[in-house]
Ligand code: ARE
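Here we start with a single chain on its own, the form predicted alone, put down as structure tokens.
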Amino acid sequence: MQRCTARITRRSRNAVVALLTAAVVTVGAACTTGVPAPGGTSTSPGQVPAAAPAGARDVGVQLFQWTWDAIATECTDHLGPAGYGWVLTSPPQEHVLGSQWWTAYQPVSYRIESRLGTRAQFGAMIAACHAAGVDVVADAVINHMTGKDAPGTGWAGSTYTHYDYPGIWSDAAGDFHHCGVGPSDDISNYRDAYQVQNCELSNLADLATGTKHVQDGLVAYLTDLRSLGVDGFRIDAAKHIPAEDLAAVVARLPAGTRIVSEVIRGSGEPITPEQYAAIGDVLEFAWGKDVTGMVRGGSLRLAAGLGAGSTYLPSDKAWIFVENHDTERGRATLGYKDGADYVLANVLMLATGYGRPIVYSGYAFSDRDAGPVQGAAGKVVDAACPAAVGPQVAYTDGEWVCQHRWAAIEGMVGWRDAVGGDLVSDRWQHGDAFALSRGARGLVVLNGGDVEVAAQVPTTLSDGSYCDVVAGPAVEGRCTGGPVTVRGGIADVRVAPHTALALHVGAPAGV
């Protein structure tokens, strides 16, 4: 296997800076000097004091269409121990019947009874996750009801018609929008704010969220979920709810309710994520789309700077992801079928400092409408991760992909947990390889090229031997992959093509 090699020492680093100043660059690697120490002073690599893991637990995971019982078990056995801070569940309310994934996004009532489990199971799941140190965020569908023209019966037995939900909403009471644009009332122009927020999204009965009666009902539903222990909500289709309407609902929820709004950023569209930032946090869809192009193009160092410009939400307001249940079906972003590129994108998301990362975990499919595997009565079968998971596995339709358990992704969740809010304190680049340090707690090296990289990379980690957590977990000081030595502020690394390596203070080798 061909290999490229780089040697960067503190003396040669100063020489590189001088050469750059003279605009004559004859070396193939460069990095910054003046590494900020945790206390805010400047110190050289190898001279920073040993640090302890930060214990950030700021990474979430979307367990798409997992049952409540399966999530409870996963919180206890894997999410808590791996360092995940919260889990995003699928919508918990009663929905229309059908095998497709999107049936969960067509509410019939606000009873906590769905093909994912009962109200009692939902409450037990929350208690189990909290005991494991994992918060619970529920996907809340409050913009609309069903898209069914014919009358029907929901999962829990509630009857309905398109614009009549007995005891909840009715057209006669003015509970639905009818925008009067075209014969179908559907949105036809996303550059018309009125249409986006008053017409129907794919025939889904659009709630008149500006009325007191509708707001009262939505507040009652969300407050009921909070009473079961839910910590916050992902507001589905928030873009289609006027910001002032959503703000009025959120203002009446218990103090401390976490809110993240789904507002897809569209070029030239009048409704933007920034309009919802005062209500809570917002999903920054642009990050996943942009990182896709950069990873596929091999521009990993550019991906590390995503979010620094004015075209994104502020970091403290943005929730970012490589993919979610919508984008993986539209192929707008990388997905599990992209293998090594998908892993590199997740490593970048977890290594860099912008936003709050959400790892996605779903099931394999070839039909984009296909729902998860269900029993004869329509109940979703509890998720069971295969014995082997990862980018090398060929998944069959319906099989749980369990991306959150992939060695590289789970290892980087622990890495993120260890470095906490430490800022990027040093960068290094050589060809298609890129590295960054986070304070004195962590180093990550990514190789987007087609040849192995063997290099001495500057790091703020203290001298010692560390496990590469991308290769697998460190168990009682024993590394899944080979240990990496840090001496004098230099890490001696070897990184295979299209892979990454990550070291942190919480995974020393040989302890």
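Worth saying up front: this structure is predicted, and the values here are computed from it rather than measured. So that there is no doubt, residue numbering starts at 1 and follows the sequence shown.
Separately, the form predicted together with acarbose derived pentasaccharide exists; it is not shown, and the next lines address it.
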property	result
Joint contact, 101, 203 and 237 to acarbose derived pentasaccharide in the model of the complex, by non-hydrogen atom at 4.5 Å	yes
Options 261-269, 402-410, 427-435, 166-174; stretch whose heavy atom lies within 4.5 Å of acarbose derived pentasaccharide in the model of the complex	261-269
Option touching acarbose derived pentasaccharide, based on a heavy atom within 4.5 Å in the model of the complex, out of 391, 147, 420, 307	147
Selected contact from 331, 337, 252, 368, since only one has a non-hydrogen atom within 4.5 angstroms of acarbose derived pentasaccharide in the model of the complex	368
Acarbose derived pentasaccharide contact in the model of the complex: residue 312, any heavy atom under 4.5 Å	no
Acarbose derived pentasaccharide contact in the model of the complex: residue 326, any heavy atom under 4.5 Å	yes
Residue 342: touches acarbose derived pentasaccharide in the model of the complex, heavy atom cutoff 4.5 angstroms	no
Close approach of residue 105 to acarbose derived pentasaccharide in the model of the complex, 4.5 Å, heavy atom	yes
